[in-house]
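Let's start with one chain on its own, the form predicted on its own, as structure tokens.
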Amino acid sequence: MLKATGVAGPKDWEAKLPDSQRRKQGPYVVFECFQEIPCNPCEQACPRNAVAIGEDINTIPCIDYGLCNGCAICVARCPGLAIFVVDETYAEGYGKVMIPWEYKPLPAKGDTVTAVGRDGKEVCTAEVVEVRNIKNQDRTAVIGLKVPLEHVNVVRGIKLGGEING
């Protein structure tokens, strides 16, 4: 599907997930890098050295899920906006998805937003439960969304309401 439409299909993104045992242990990072391109800020951003690219900067990042604690520092550092953090243990029936956000307005904690999938189509309603927007993130905020558990690996963006965005 990715080559035909430019949108990752289930087979594409499911291959990027850690095993089911790791997914039950808390937040984990999902790198949706599908093409070899010269890029490595994620490797340099990780304080736990959980991301490895190696000598060839074109290599798709490799994650050591034994080291990754899902801190989400790498989310804001990815120029391709291709990194997400998912927590399937967040709350009963709900997960948390951390997404990069480079648009205005910046949603606020407590806002209700429309969560969208990789194709921009609406998936569900989500609550904004966290907003990280600090200077060293270079204008890329990281938004935490509380979403129904069945959508944690489908939601990859948001759509804000209002006259302009609605």
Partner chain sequence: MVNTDLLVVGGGPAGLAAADTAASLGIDVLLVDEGRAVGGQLVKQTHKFFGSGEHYAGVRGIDIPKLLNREENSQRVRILTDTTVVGCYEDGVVSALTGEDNYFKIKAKRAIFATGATEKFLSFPGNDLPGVYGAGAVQTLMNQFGVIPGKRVLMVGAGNIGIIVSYQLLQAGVPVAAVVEAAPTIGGYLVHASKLARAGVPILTRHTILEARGKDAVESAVIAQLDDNWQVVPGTEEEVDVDVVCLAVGLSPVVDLLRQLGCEMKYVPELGGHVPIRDKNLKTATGWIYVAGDVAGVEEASAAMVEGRLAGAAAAAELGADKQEADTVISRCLASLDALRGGPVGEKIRSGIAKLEGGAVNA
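Positions refer to the first chain, counted from 1. None of these values were measured; they are calculated from a predicted model.
The same protein also has a form predicted together with the partner chain, omitted here; what follows describes it.
In plain terms, the part of the chain that comes close to the partner chain in the predicted bound form, with a heavy atom within 4.5 Å, is 99-107 out of 124-132, 64-72, 99-107, 22-30. No residue in the set 10, 95 and 112 has a non-hydrogen atom no more than 4.5 Å from the partner chain in the predicted bound form. Contact annotation: residue 35 falls within 4.5 Å of the partner chain in the predicted bound form, judged by heavy atom distances. Interface residue remark: residue 46 is not counted as part of the site for the partner chain in the predicted bound form, having no heavy atom within 4.5 Å. Although the partner is absent here, residue 82 lies within 4.5 Å of the partner chain in the predicted bound form, judged by heavy atoms.
Though the partner is left out of this view, residue 146 does not reach within 4.5 Å of the partner chain in the predicted bound form, counting heavy atoms only.
The single residue of 58-74 lying near the partner chain in the predicted bound form is 58, the criterion being any heavy atom within 4.5 Å.
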